[in-house]
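As a starting point, one isolated chain is supplied in structure tokens, in the form predicted alone.
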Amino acid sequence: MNSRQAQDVILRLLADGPFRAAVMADPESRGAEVAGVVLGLDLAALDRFGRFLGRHYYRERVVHYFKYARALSAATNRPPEAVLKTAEFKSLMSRLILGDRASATAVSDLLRNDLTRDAEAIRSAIPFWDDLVAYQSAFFLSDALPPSAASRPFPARAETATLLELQWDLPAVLPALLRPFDQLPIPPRQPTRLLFARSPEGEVTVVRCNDALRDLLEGLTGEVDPAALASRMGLDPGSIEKTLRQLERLGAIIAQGSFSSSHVGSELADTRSARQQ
């Protein structure tokens, strides 16, 4: 094993909780080469540093993606980052892989439970609280790396493309929640559907999603020719091709064949987009 491979093993030990736990329990369990790398290392210190990195990694993301709940923490007394100091999170540490979607889901579940448990008083003061938590959770999950996708003959909805149904039109007031206010901004109470997508560059975007876009995404199985799908939905083939290119740019679909991200248009028609900065 060369020095680059040895560095990769050490980086994985720091980022991959289950791998680190297995090597600490039995260095030979992952092969003689891994055992040779860790020979002479202070595994207890490595474990402490791996846990430190994990807490820092998730704290950075919780502060960023749950910034609206954090801005309201003076009223709720529930800063979202506090969950990272709980016994429940500490018990998760050995099972977390940084950047992994399943790990992000486990942390997101902890956050949602902590922010919505026994929250009747919060809901009375902030009636859209549950929607706000769900919105931020969807952003948090969308940041995680997508799983490897199997090759499909036609464009398919990305596994990380999330549709979220809300009771309140949150995008209408989100910027105002980050500014000083005397009276809590209340969004219109109306059904709102949002699409969350992660681009190949790692940018998370949310766009409003009407029924036609929802039906299109649900029809993109990777096994259906877009032309046939357009005919079934009563859409113009040229229009659906343009939309597919735009969806590919957002990361909402995995495209094949002629759909290249280098030819993507601008924004989706009849939608408004918002990116977390």
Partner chain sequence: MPATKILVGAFYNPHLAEETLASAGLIDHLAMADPPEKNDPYFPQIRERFVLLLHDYIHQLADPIPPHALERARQLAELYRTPWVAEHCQCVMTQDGRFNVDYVFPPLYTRDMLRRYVENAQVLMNALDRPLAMEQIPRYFRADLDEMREGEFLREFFETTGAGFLLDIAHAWLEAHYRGKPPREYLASLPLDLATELHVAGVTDYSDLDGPWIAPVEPSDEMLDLAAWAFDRMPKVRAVTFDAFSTLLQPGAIPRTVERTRKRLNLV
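Numbering follows the first chain given and starts at 1. The model shown is predicted, which means the values in this text are computed figures rather than measured ones.
What follows is about the form predicted together with the partner chain, which we do not show.
In the predicted complex, every residue of the candidate spot (5, 15 and 61) has a heavy atom lying within 4.5 Å of the partner chain. Look at 48-56, 212-220, 233-241, 247-255: in the predicted complex, residues with non-hydrogen atoms within 4.5 angstroms of the partner chain sit in 48-56. At the 4.5 Å threshold, heavy atoms of residue 70 reach the partner chain in the predicted complex. By the criterion of a heavy atom within 4.5 Å, residue 118 is excluded from the residues contacting the partner chain in the predicted complex.
When contacts are judged by a 4.5 Å heavy atom cut-off, residue 102 does not count as touching the partner chain in the predicted complex. Interface membership of residue 41, defined by any non-hydrogen atom within 4.5 Å of the partner chain in the predicted complex, is confirmed. When the partner chain is considered in the predicted complex, only one residue from 98, 141, 134, 173 comes within 4.5 Å through any heavy atom, namely 98.
Contact annotation: of the candidates 82, 125, 145, 186, the single residue with a non-hydrogen atom within 4.5 angstroms of the partner chain in the predicted complex is 145.
Residues in 203-228 all lack a heavy atom within 4.5 Å of the partner chain in the predicted complex.
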